[in-house]
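What follows is one chain in structure tokens, specifically the form predicted on its own.
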Amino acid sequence: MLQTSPAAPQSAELPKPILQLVGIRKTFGAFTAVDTIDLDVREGEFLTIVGPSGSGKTTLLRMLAGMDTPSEGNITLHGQLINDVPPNKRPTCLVFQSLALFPHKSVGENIAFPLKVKGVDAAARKARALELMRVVRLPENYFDKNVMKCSGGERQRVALARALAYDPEVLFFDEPLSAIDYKLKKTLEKELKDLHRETGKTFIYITHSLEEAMVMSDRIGVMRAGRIVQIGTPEEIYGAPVDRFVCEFVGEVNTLKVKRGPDGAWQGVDVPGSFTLAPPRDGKTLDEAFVVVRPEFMRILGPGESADNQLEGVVYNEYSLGSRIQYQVRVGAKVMLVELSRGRPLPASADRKVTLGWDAADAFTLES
């Protein structure tokens, strides 16, 4: 899991946009799939759009790739309007979830197909295909191998090489790793990020997997109900979520409802006690709120240790996360999650009672 303290976004000089979306909407009858999106895609960046099923991310991608036309708004590429430009007339390429390879052709023939369409001669096609095979780490002797005799990961690499053969300025990816086993997926995530750096192309990637987005992306856009509710670096999305939806979508969290008492102090609604909270980032004055704490910022306090906020609970389960252990702690009717490094044991207690603690600066105060 990515670990970072909540922090304000850092300013930096930004590359110029290659794609710009202004007021993009897509409706199907009375249903609005994409609802008024404004977005600049920076040249050479790896931008990932994440969101739950039905959030509109695939519809957005289809409009960017030219497979659907916006109902309203404009999409421009290098400042030129492309709303009605068909996919084959755009300097872009889409890598489908299904890969869409030609099953009767060899690896080399699949990769070289775009070059054949362009009228490139056979010798040059083969040379370029072999070059791209090296880029995606496919053995040269796979050139004549039937693509259906390749493993899932190898076919994924063939699809990437074929996309690069188009020499697109922008590559779109529609959940290309969703059907691949976990170990291979982790390998391909790193290879995709390496490929992005090596080629300098602009990548726009769609996934429902936050883990994929956090590993690979320069920026992440989080979609909900047809809108992009937040866009930023992985650190900004994880460490400075704009609302409860983003906070809960981007990793596991502990959420407590609180309200102000007569004296103005924050009081627990679903657990007893008073709490010290950081002010909301948007500066709003709230009478009710959610305090949200990620498991890695929760502590199990030992003798003599303290924190801004404390709760008494009972450990009832634990899960190994490799170098860390996640504990589930019952606090009344609430279940709280705490992650500790493997080298830090729980304080000794026969009844497994513990004191949980966290500091105000390590939590988010969000509107209820």
Partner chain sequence: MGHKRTNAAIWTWTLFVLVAIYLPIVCGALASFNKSRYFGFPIKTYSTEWWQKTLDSIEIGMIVKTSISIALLVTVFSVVIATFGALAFARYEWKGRKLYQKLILLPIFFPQPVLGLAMLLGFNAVGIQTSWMTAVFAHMIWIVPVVTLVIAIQVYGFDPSLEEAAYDLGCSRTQVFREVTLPLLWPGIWSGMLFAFLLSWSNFPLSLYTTGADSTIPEWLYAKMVAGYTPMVPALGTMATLGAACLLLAGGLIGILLRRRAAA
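Residue numbers count along the first chain shown, from 1. Just so you know, these numbers come straight off a predicted model, no measurement behind them.
A second form of this protein, the form predicted together with its partner chain, is not displayed here; the remarks below concern that form.
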- Would His104 count as touching its partner chain in the predicted bound form under a 4.5 Å heavy atom rule? yes
- Message: Considering non-hydrogen atoms and a 4.5 Å limit, does its partner chain approach Pro87 in the predicted bound form?
- Response: yes
- For Asp144, is any heavy atom within 4.5 Å of its partner chain in the predicted bound form, or not? yes
- Can any non-hydrogen atom of Ala124 be found within 4.5 angstroms of its partner chain in the predicted bound form? no
- Message: For its partner chain, considered in the predicted bound form: do all three of Thr92, Lys116 and Arg162 come within 4.5 Å of it, counting heavy atoms only?
- Response: yes
- Message: Please tell me which of Leu321, Val314, Val335, Met67 lies within 4.5 Å of its partner chain in the predicted bound form, judged by heavy atoms.
- Response: Met67
- Of Lys186, Lys149, Lys259, His78, which residue is found within 4.5 angstroms of its partner chain in the predicted bound form when only non-hydrogen atoms are counted? Lys149
- in the predicted bound form, which of 162 to 170, 206 to 214, 227 to 235, 130 to 138 comes within 4.5 Å of its partner chain (heavy atoms)? 162 to 170
- Note on the structure: Taking its partner chain in the predicted bound form and a 4.5 Å non-hydrogen atom cutoff, the residues of 306 to 342 making contact are none
